[in-house]
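Before any questions on how it binds or moves, here is one chain, the form predicted alone, in structure tokens.
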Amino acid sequence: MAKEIINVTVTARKANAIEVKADVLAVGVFSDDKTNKLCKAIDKKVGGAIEKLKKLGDFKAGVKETAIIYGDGKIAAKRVLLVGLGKKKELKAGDVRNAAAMSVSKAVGLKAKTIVIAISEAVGKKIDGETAGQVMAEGAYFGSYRYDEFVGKGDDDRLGSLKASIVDGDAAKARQISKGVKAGVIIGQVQSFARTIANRPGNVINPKGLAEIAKKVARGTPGLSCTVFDDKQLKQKKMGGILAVGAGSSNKPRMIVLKYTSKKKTSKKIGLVGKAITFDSGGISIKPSAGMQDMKFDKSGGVGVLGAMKAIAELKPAVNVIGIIPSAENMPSGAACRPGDIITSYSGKTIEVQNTDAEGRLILCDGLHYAVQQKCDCIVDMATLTGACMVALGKYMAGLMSNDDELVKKLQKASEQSGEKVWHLPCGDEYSKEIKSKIADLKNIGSRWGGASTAGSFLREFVGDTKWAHIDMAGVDMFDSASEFGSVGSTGFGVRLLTNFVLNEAKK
């Protein structure tokens, strides 16, 4: 079987891009900048090919736009990939990340063995070197990723490895870039790992299997520990939400707890909670069959937390972090939870189950209460929670809800840094009224309107006075088809966002 992750090596150094041998040389180009020294130097070597493309209108250097010209032995690289950066004044770090991702994705498609990324030459001082290095490394991994774990090798199979070298002609800038690349490689590799776990189907990954992967990750990552509660321990702890969701499956539920303890003296503790439904049939309230195969991605929130915890432990910030991943398989059977059942959550609050397909909030409420018990200073949960959030925001950004405005601002900052977009939605008292039950403390669904916000208000009931935020990532967890800079399947959303959030908190 072909490996699902291309073995990518990303390095950075000072070099004249024109003189570096490579299958592909990626060059950043602004649509409104005529002072690009590297472009001019390459154009002079290749007989004005770049200028000809521009005059013909075949390359306008817009965002997501690329064009290829050939070196023909006049420069060291076999091909020059022109990558559009749009207008110079509008450039953001995310544009540089995406440009690197597009470049490497194109290189994989061309079966290139080597690529030189010289995008920073155009960027100059618009973005500091360390940030540029980090985002380019992250982009390199994101763009190179392909999931073909269960595909036999064929004549058109892609290569198994790629060497990416990020270069800049300025020595001081190259040193800054190298520093950023170190963090970018860690985050990029972990995001690829998370994408693979999320992409694996329900017959390969179940709650027990996910727990085994988490334990393996902890064993291989210094500073990270893992504890797993099995179904018997969940019963002892009276975690009724997780147990109810997993009751219909022969694959019993688990609660995965990962802990990162900083070696630096700090009392600050952050809780990350991720929903990991390894397959969601909807239970007794079964889903329509069309598209149900994608319900393997219902573990994406938990997998994102797992990935973030690994990246955090490797980056060693001065803050303590606990990652809590409640995991179950939601299946119909004679033992399954029924609509109308009343369950008792870990917090002691009773919940009337009106729809077994609103199961994510039932496992998260136990995970959130556990995080509160650990005395976390703040808690962020992440889940593919509601189709309503996708109706509201499409497949472009995640919904962000919270009981604390400052925490919202911190996550918005991390969102901007990571390129993983969020949009603030309400989850106040007016929505809480929707989930009050007449026969229990709460019910697990409200009316058909404002479903993302009512789900958020449900979760808010289990955090008390602790600062808390909820990220509904439904719609951004996967690509239905390949994009300019990402392959079909899991996006690994949340790894970069949560890691940046924690790193920022450690600096305070």
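Because the structure is a prediction, the values reported are computed rather than measured. Residues carry their position along the shown sequence, with the first being 1.
Below: the form predicted in complex with a small molecule, not depicted.
Chemist: Would residue 387 count as a contact of the small molecule in the model of the complex, using a 4.5 angstroms cut-off between non-hydrogen atoms?
Modeler: Answer yes; at least one heavy atom of residue 387 falls within 4.5 Å of the small molecule in the model of the complex.
Chemist: With a cut-off of 4.5 Å between heavy atoms, is residue 225 one of the residues that contacts the small molecule in the model of the complex?
Modeler: Looking in the model of the complex, residue contacts with the small molecule do not include residue 225, since no heavy atom lies within 4.5 Å.
Chemist: Is residue 361 close enough to the small molecule in the model of the complex to count, meaning some heavy atom within 4.5 Å?
Modeler: Contact check for residue 361: yes, within 4.5 Å of the small molecule in the model of the complex.
Chemist: Could you tell me if residue 350 has a non-hydrogen atom within 4.5 Å of the small molecule in the model of the complex?
Modeler: Heavy-atom contact with the small molecule at 4.5 Å: absent for residue 350.
Chemist: Hey, with the small molecule in the model of the complex, do 183, 313 and 314 all fall inside the 4.5 Å heavy atom range?
Modeler: Not a single residue of the candidate spot has a heavy atom within 4.5 Å of the small molecule in the model of the complex.
Chemist: Going by heavy atoms within 4.5 Å, which of 183 to 191, 101 to 109, 406 to 414, 352 to 360 lines up against the small molecule in the model of the complex?
Modeler: Result for this chain: 352 to 360.
Chemist: Just to be sure I understand the contacts: of 474, 42, 469, 61, which is the one whose heavy atoms reach within 4.5 angstroms of the small molecule in the model of the complex?
Modeler: Exactly one listed residue reaches within 4.5 Å, namely 474.
Chemist: Considering 38, 49, 445, 67, which brings a non-hydrogen atom within 4.5 Å of the small molecule in the model of the complex?
Modeler: Checking each option against the small molecule in the model of the complex, the one that comes within 4.5 Å is 445.
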